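The chain that follows stands alone, in the form predicted alone, written as structure tokens.
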Amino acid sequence: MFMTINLTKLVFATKNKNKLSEVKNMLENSNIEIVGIEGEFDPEETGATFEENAFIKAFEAAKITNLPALGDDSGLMVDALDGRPGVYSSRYEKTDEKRINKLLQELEHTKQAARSARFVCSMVIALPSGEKVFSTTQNCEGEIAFLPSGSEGFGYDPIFYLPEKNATMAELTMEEKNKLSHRAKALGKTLEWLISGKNN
């Protein structure tokens, strides 16, 4: 369907070092090299969906580096808040602590049975030409805890409770998180596609 493209080296369209570290860790046993983006990188995320924002970031990174780029956009959707904060997850407040506090305040009178939520991650591979050659969106289901717990991870991890693990995302090791997180699932689908030869 496409001309042969070398997709063994991709630039990851993020300035978030935690995300870059997670993705590199997940790909360390593959032949896919992930590199970070140098210099200023802050494209305006104007998309209405995670996939649209992932493409905006991937295309911008591909143009800057002239390499195929992997863009991801992820966030937290809380059912009791009609899906908020959603695509505005990283912009809900100025710091992780303030974002968590705001969310907990909004759910202050919400009982445990109604605190269902999910992390969502979209990943897109774009070429410098602007062509989107792959996309996937994956979820990780859980619920919002009443108090933050755990020191691993980042973002909303300390309040994202996983009943099957009896732990928040921030109480899991990187290895445990990378087996079940929304980003791990999306990256798994992306890697499957990359090594399947479908990109040739």
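Residue numbers run from 1 along the displayed sequence. Model, not experiment: these values are computed from the prediction.
The protein also exists as the form predicted together with a small molecule; that form is not presented, and the subsequent description refers to it.
Margin query: With a cut-off of 4.5 Å between heavy atoms, is residue 146 one of the residues that contacts the small molecule in the predicted bound form?
Written below: Contact check for residue 146: no, nothing within 4.5 Å of the small molecule in the predicted bound form.
Next item on the list: May I ask you to check whether residue 16 falls inside a 4.5 Å heavy atom distance of the small molecule in the predicted bound form?
Entry: It does: once the small molecule is placed as it appears in the predicted bound form, residue 16 has a heavy atom within 4.5 Å of it.
Note to self: My question is simply whether residue 55 lines the interface with the small molecule in the predicted bound form - judged by any non-hydrogen atom within 4.5 Å.
What the structure shows: Residue 55 lies outside the contact set for the small molecule.
Check: residue 115 near the small molecule in the predicted bound form, any heavy atom under 4.5 Å?
Finding: Looking in the predicted bound form, residue contacts with the small molecule do not include residue 115, since no heavy atom lies within 4.5 Å.
Next item on the list: Considering the small molecule in the predicted bound form, find the one stretch among 58-66, 26-34, 148-156, 130-138 with heavy atoms no farther than 4.5 Å from it.
Entry: Heavy-atom contact with the partner occurs in 148-156.
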